[in-house]
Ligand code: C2E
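One chain is shown next in structure tokens, namely the form predicted alone.
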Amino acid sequence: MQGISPEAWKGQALMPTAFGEAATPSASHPPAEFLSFMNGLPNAAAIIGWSEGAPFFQIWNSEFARKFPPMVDRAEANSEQWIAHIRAEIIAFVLSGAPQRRFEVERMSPLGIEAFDCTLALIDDPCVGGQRVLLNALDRTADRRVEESLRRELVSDSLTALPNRVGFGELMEETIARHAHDTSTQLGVLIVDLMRFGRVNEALGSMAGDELILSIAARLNGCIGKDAVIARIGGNDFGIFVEARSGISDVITLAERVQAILSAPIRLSNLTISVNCAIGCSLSPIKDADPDELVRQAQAASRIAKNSGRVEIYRAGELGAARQRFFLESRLRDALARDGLTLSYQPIIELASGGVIGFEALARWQDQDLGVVSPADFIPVAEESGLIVQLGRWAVHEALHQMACWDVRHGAEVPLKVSVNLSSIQIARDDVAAMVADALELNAMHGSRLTIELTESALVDDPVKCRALLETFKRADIAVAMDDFGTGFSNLASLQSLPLDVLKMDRSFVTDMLIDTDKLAIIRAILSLAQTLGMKTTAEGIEDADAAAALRDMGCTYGQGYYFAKPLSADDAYEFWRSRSNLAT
């Protein structure tokens, strides 16, 4: 460097010589053009020289004087940490011999932290006395505040100002880091799922729903204690983590406290609302805890709590089952997209004549890797994921298409009906009437050849909507059967008022009915009720000739079961009908 060597700085780099009070520079005063150039720079800029082994500010523009007044005219402020930081960066730059250096400076102001992106570069100009250092400082305060605001939005819930799912995880990670060597404390996570929140939104509107969430957040904040942190991790889900020094007892105590505080009715405007919640918990030694895993485990436990009605603690294997359901959902989605499912057809027999009056279409899935997947496994997954709507639509179209194919094969309309099951979830989410009408039209099929089977839950979940749907089916000559009758929640008043055609007795009543007098009495009562209401009856699960004969003698209309046939492929079902109809060649 001209005028001073890097060696001259060594040993003196942090001398207390103040910026702005150093000796007069050896160069002559710079011309007006140079000063005009400096003032024309958009950022704070200064030319730095040195005297007696210490830096001093030789020239600066008005922006620099405005942004950094202590550095140019207040020697007593030179002890501030941010000034010492700049001095150290300048000296390190000179000693490094590098052409450029970048660094950041932060300082506290009455309005908060101010941030500057600084660049140091060498210049060599006779106007300033030869080789000097140019400091350029870009004010990043506004950008930093925008970043901080976005950061707050990223980790906070906008309604409650509580941490959101991301913030919840970060706070857990900070807690885990503080207890890295703690072998006695455990970390417990609670997931609180508000089970009736959706109904509040539907009935009272989103503003009432927001008011409910705020009320619950306030209650939870008041009961969790100083060792716990609460977050809103979903629309109707709250998360809580606690440093459990007494292990599972701390977690259970907190869960019971939460359950008690939420059991008291909440006042919304002029209404009083009771809130039901499902609480699932997970626990891990704090030094080994994985935040994401703990949350997933607690969520798995909360799903079980919805059915059990009590606080549930995660047990090994539950998350594996949840992952298996997720895996099945992914494979089922692919199977529906590429026609990977098939329908099997179980004959429905008229017990009096022994003739085949129709078939029940049953979804079957054989996966390339998983093999045969039971409907008991994939139907609940389809209902939980919403794929049941797509599955139900496919089943109706496929069953009617197969009927059309049988008509073509027979050369005339086959005297058969096909029954298709529809889930209560599909009834709630889909326009079932339009879907069925489209399927009938697409396959040129009359409604009288289709029977829709609904469970009792589908009929009682939304009776007004269900009644309108059944009346639409009735106008289209589509028969409706109540499946698994006797196992649900039906009452005689609703049964009498609904336009049903068939009651299907659940197989649990038919199995061992000849040796169980209670089952026999229930079957007689169902058959008598159906006869009084003008409905036909179907008995499922008939396994032997004696049961078939007894049901026929008691007046049961139709029967299904392995005694007649297992579910058959489409070709085998057609041949079964031909053989029972004396049409076989």
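From 1 onward, residues are counted along the sequence shown. What you are looking at is a predicted structure, and each value in this text was computed from that prediction instead of being measured.
Keep in mind that the form predicted together with this ligand is missing from the display, and what follows is about it.
Contact with this ligand in the predicted complex, judged as any non-hydrogen atom within 4.5 angstroms, is confined among 555-563, 41-49, 54-62, 515-523 to 555-563. This ligand in the predicted complex comes within 4.5 Å of no heavy atom belonging to L470.
Although the partner is absent here, E211 is not a contact residue: none of its heavy atoms lies within 4.5 angstroms of this ligand in the predicted complex. Proximity of T160 to this ligand in the predicted complex: non-hydrogen atoms within 4.5 Å are absent; the residue sits far from the partner. In the predicted complex, at least one heavy atom of P375 sits within 4.5 Å of this ligand. Think of it this way: in the predicted complex, this ligand has a heavy atom of just one of H401, K306, R245, R364 within 4.5 Å, and the residue is R364. The single contact residue among Q346, N236, Q186, N164, judged by any heavy atom lying within 4.5 Å of this ligand in the predicted complex, is Q346. With respect to this ligand in the predicted complex, the three residues E360, S423 and R507 uniformly fall within 4.5 angstroms at the level of their nearest heavy atom.
Interface residues of 510-536, taken as those with a heavy atom within 4.5 Å of this ligand in the predicted complex (partner not displayed), are absent.
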